[in-house]
Ligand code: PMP
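To begin, one chain is listed below as structure tokens, in the form predicted alone.
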Amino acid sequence: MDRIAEELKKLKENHQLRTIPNVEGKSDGKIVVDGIEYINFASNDYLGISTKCELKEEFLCNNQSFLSSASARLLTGSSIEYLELEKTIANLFGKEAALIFNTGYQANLGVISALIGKGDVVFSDKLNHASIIDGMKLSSGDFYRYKHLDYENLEKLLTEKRSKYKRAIIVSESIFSMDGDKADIDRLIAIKNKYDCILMIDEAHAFCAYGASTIAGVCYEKDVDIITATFGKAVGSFGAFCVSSELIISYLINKARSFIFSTSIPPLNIAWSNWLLTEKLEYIKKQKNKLEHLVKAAHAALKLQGFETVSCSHIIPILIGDNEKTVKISEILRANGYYIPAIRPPTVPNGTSRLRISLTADCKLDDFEKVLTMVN
């Protein structure tokens, strides 16, 4: 216990101690914390769907799905709602099959740890999400992390290491969760073909929120072998999924421990996701278009005020560096009505603490510009 107390003390001294905020309510573009309403620049509800009461009311008037699954899917926890949603998702991505997981974390953890065994290897972008890192650690195989978006470094690793292993997977996010920058999917496809690898892309922050020609996201190309994403961000629901070939999905059903040993999501949530992606698809496209216009204007404002950023998306990091300074700036913004929590290690590398501004379809450009003025 003394060691635990000492570690917590050290986190506090380094301005890295985390506490759960007392969130009392949310509405379109707003959040109530400790009784005070703020403009919310911290949400991953990119299309603002989760706070739309009219959508919820319309859905509930016509849906009587169960509130609990009461079991894992391989026992009694499956239902027609699951089968319908998996078909919808597979069709959206042009894949043979899909499998629903409880969370994006469990999806990445389950897919990687199931597919990579002894004698196999993963090549992972250095800034991939913790769920991907933990999946690699949980697997029985080896893994190497290439420099962020550095595909020459990836090829160097593949040239040196690939021949030593049976199965190899290259894993990358499409839109990176902390930097808002984008992987070169075409380049990754060429590399995976050259070195006989499986390509897995995490679309968590792109699905329904990014990509010019589809709501699927960035990597709807048929040459991406495995795609994971979540319903808990732009779709405004809960749960996650993997789309791939029938062969790989069947393998995951039998080998992915995070799928096999988890009580499944209540059918009501599954039906809500499917309803949004079928009956409300045009609404999703409308909100996505609204977000795209805001993102374009926001990046123009960044350039005008002299901010440099690697972001090309709705995720915009303002790098501060020092933990204490980042926390103080976040507190100043909060005192002025803007909710943008400080992002510190271990979520991001040491020395890169930041404000992670998350644009949603309900955000206003004027508010974004005011935030930039206060930070600048």
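For every residue, the number given is its place in the sequence shown, counted from 1. Because the structure is a prediction, the values reported are computed rather than measured.
Separately, the form predicted together with the named molecule exists; it is not shown, and the next lines address it.
TODO: Decide whether residue 146 counts as a contact residue for the named molecule in the predicted complex under a heavy atom distance cut-off of 4.5 Å.
DONE: Residue 146 lies outside the contact set for the named molecule.
TODO: Find out whether any non-hydrogen atom of residue 129 is located within 4.5 angstroms of the named molecule in the predicted complex, and reply yes or no.
DONE: Answer yes; at least one heavy atom of residue 129 falls within 4.5 Å of the named molecule in the predicted complex.
TODO: Consider residue 177 of the chain shown here, and say whether it contacts the named molecule in the predicted complex, taking contact as heavy atoms within 4.5 Å.
DONE: Output for residue 177 is yes: heavy atoms within 4.5 Å of the named molecule.
Open item on the list: So, residue 171 and the named molecule: in the predicted complex, are they within 4.5 Å at any heavy atom pair?
Closed with: Output for residue 171 is no: heavy atoms all beyond 4.5 Å of the named molecule.
Open item on the list: Within 4.5 angstroms, counting heavy atoms, which one of the listed stretches 247 to 255, 182 to 190, 225 to 233, 260 to 268 is next to the named molecule in the predicted complex?
Closed with: Checking each option against the 4.5 Å cut-off leaves 225 to 233.
TODO: Find the only residue in 103, 153, 278, 91 having a heavy atom within 4.5 Å of the named molecule in the predicted complex.
DONE: It is 103.
Task: Any residue of 191 to 206 that, in the predicted complex, places a heavy atom within 4.5 Å of the named molecule - done: Stretch hits, in order: 202, 204, 205.
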